[in-house]
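Take a look at this single chain, the form predicted on its own, given in structure tokens.
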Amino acid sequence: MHSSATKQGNNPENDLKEIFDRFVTEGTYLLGEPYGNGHIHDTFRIETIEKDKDDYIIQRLNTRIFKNIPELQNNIERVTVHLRNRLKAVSGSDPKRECLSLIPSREGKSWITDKSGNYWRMYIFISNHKTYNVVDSPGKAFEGGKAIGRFQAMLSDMPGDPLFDTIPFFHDIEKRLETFNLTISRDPVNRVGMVGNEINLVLERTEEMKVILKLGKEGKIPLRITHNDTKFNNILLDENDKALCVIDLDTVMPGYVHYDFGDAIRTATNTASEDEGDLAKVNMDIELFRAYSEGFLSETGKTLNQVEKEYLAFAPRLITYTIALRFLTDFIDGDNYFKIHHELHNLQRARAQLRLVRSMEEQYSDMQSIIRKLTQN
């Protein structure tokens, strides 16, 4: 997601060696430079001098979005340790490449704080990987589904207490609707009059969108460990475009399987960008939906219950609607959460996501029939 998080403090690149030396690493620091295009944390790739030693990723963590870093890190430690143990039992697997590896600090924790109070963590850098912002083939969609499905299935038996909620109520549609209605009643920057049509599209669907929460409250679907940010570029593929590793574990917390499946379909099957201005271009590609679903269910078929499977086709509608609602709420509120590039950006995003909801509704019976066929075996 496009958070409005700003960079924290001064340029830290000069201090990277000092930070590096506070972790238990094998190689010797050569150089560090900014890496990737994430919106939340400051991320750097560290190259080591030795060719036979790992390179590393160092991140300065955003404490404005994530208020409790020790609990967040504890979640990631528990999840990665469990995944690694599961992978070790799979013949031919390479846990170091197929799972994120946190590096402990010299004090024995999975993070450090610097003299300014910033939190830092370190991972092994996974080399020879590919990431994609756009899914251009059923083959890639299948592998993406497989990666998220395997992640879900391997965590389905993780022992211990529930994970910590790093962002409470993140996908809770009832809370999101409550905030939406409050924002409309406040109308802080006099924009409600501009968006009557969009507000109606949201309000027409409110009851239907509460069905997943309702099923959870009735005990028909279990709370699971979910990733909660399954956009396609959070999946690493290997050099042959095969599923390798799921990254960006900050929002791994309790949730319903529909959140992960829904957000993946929202981002992987859209024929246009998330903020496309020309709504005629916005459509859900049913063949990418089929391929992703096939990959996902090839891994989760044995762990999901019947009700979870029945509602998988509904999940993309829910999550796309939720994201549209968040964009529209932020627009009415005066653009305080998402980073915008022009005055109507959040409205444009909301319209594009609402159009995607309509496209999913138009193809809903096909989506249901695909899931039914894949879950009959």
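Rigid core: the largest C-alpha set superposing within 1.5 Å between the two forms. Keep in mind the model is a prediction, meaning the values are calculated, not measured. Note that residue numbering follows the sequence shown and begins at 1.
From this point on, the text means the form predicted in complex with ligand ADP, which you will not see here.
Only one segment in the set 144-152, 109-117, 202-210, 229-237 has residues whose heavy atoms sit within 4.5 Å of ligand ADP in the predicted bound form; it is 229-237.
Of the listed positions (I247, L215, M158, I184), a single one reaches within 4.5 angstroms of ligand ADP by any non-hydrogen atom in the predicted bound form, namely I247. Of the listed positions (H129, K242, K175, K88), a single one reaches within 4.5 angstroms of ligand ADP by any non-hydrogen atom in the predicted bound form, namely H129. Proximity of G38 to ligand ADP in the predicted bound form falls within the 4.5 Å heavy atom cutoff. Not displayed here, ligand ADP is kept clear of N336 by more than 4.5 Å at the level of heavy atoms in the predicted bound form. Contact check for V195: every heavy atom lies farther than 4.5 Å from ligand ADP in the predicted bound form.
The closest non-hydrogen atom of T48 lies beyond 4.5 Å of ligand ADP in the predicted bound form. Along 87-112, one residue reaches a heavy atom to within 4.5 Å of ligand ADP in the predicted bound form: L100. After superposition on the rigid core, displacement of the C-alpha of L312 between this form and the one not shown stays below 2 Å. Core-aligned CA deviation for K67 between this form and the one not shown: less than 2 Å.
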